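Only one chain is included here, represented as C-alpha cells and corresponding to the form predicted alone.
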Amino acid sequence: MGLMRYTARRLAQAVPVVMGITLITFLLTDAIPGDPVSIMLGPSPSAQQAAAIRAQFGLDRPLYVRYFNYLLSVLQGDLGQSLYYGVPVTRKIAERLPVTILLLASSFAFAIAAAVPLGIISAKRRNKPTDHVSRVVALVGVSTPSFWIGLMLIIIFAYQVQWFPATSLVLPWAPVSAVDGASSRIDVLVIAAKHLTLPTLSLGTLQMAAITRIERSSMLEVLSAEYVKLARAYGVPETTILRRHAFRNAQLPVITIVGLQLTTAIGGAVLTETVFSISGMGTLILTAIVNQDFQLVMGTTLVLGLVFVVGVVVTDISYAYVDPRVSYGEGE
C-alpha cells in the first residue's frame, strides 16, 4: 500500500506540472505570428469563409475562454480537431506516437546496454588507457549534437558503405504485405532493425555518454567505500566485489540520470525524426507549428509531457527495486 500511495501522490503532484505545460504552450502558440485561417484558405480568403472557420474552431472567442474550453475538452478525452489535417488530433497522435516511443525505447536500450559496461570497465581500470578512451568517448558524445551524428551516420553507413537505409522507418509490427522485400515476419523484423539502427545510434549517443560518466563516477565512489575495502582485505575476488557489492549500490544515480535524460531524448527525437524523415511525433510537432495548427500543437505537447511525467514516476518507483534501503512507507 505504501508504494501505491506514493505512486498516487506523485501522479497527483504531476497534475500542476501538466497544467503548466498546457498553459505555457497555449500562450506561446497563440503568440506565433500569422493567421492559421490564411494558411488553411490561402492568403486572401473571403470574409464569410474566414468567419465560418473561426467559428468552427473557436478562434473568434477570447483567449481565456478558448483555454478553459480546451481544458474541459481534454478532461473528456477530446484533444480537438486538427486545422491542417482536418482529422481529430487523437487520430494523428495514435498514428505517430508508437513510432516515437519505439525510437525512444531503442535509443535508451542502446544507451544503457553500452554505457553501464563502459562505465564499470572505466572505473575498474581507473587512469589506464581503457579509462582514458572511455572518458574521451563520453566527452565527445555529450558535446556532439544528435542531428550532426545522424548526418555523419547517413553519409558513412547509408551512402558510403550502404549498410543501412538513410530514411524512413519500418515498424516491427507492420503487416508482411506492407513491407517491401518481406515474405515473413522474420523478414519484417530484420528490415525494421536495419531502418532503426542509425536513428537509434544518433539519438542514443548523447544518453549513452551521459550515463557512462555517471556510471563511472558512481562506481568509483562505491569502490572506495569502507565495506569494499574490507571485502578486499578478506580476499573476496574483485569480480565478486563488482557484481555483488558495488554494482547494485552504484545504480541509484544512474537511474536518476536515465529519468532526467528523457527530456533530452524527447527533444532530440524531433531533430532525429527530421534528419531521417521519420513520421513520428517530432515531425508532427514541426508540421503543426509551421502551419499554426493550435489544436495539434497543444495535443502533441500534452502527450509528450505526459510521457515525461510517467517516465519520472517510473524512475522514482524503480529506486525501491534497486536499493532495499529505499522505502515508500510500507513499514509505517
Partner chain sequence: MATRDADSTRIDVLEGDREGDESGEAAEANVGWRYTLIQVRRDPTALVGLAIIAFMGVIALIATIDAVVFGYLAQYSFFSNLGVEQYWFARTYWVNPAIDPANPTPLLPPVGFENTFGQGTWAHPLGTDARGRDILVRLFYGTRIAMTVAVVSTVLALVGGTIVGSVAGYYGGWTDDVLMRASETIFAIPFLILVIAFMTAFGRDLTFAMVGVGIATIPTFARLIRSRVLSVREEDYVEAARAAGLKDRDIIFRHVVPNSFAPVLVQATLQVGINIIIVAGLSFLGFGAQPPTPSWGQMLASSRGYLLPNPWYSIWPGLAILVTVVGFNLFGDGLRDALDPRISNQ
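Residue numbers count along the first chain shown, from 1. Remember, predicted model here, so these are calculated numbers, not experimental data.
As for the form predicted in complex with the partner chain, it is not shown, yet the points below apply to it.
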property	result
Joint contact, Gly80, Pro175 and His195 to the partner chain in the predicted bound form, by non-hydrogen atom at 4.5 Å	no
Among the candidates Ile186, Ala109, Val133, Val140, the residue which, in the predicted bound form, approaches the partner chain to within 4.5 Å (heavy atoms)	Val140
Of Asn69, Ser46, Gln56, Ser277, the one that lies within 4.5 Å of the partner chain in the predicted bound form (heavy atoms)	Ser277
Segment that reaches the partner chain in the predicted bound form - one of 148 to 156, 195 to 203, 226 to 234, 117 to 125, heavy atoms within 4.5 Å	148 to 156
Contact of Pro98 with the partner chain in the predicted bound form (heavy atom, 4.5 Å)	no
Proximity of Thr144 to the partner chain in the predicted bound form, heavy atoms at 4.5 Å	yes
Ile32, heavy atom within 4.5 angstroms of the partner chain in the predicted bound form	yes
Contact of Ile266 with the partner chain in the predicted bound form (heavy atom, 4.5 Å)	yes
Interface residues of 277 to 301 toward the partner chain, as seen in the predicted bound form [heavy atoms, 4.5 Å]	Ser277, Ile285, Leu286, Ile289, Val290, Thr301
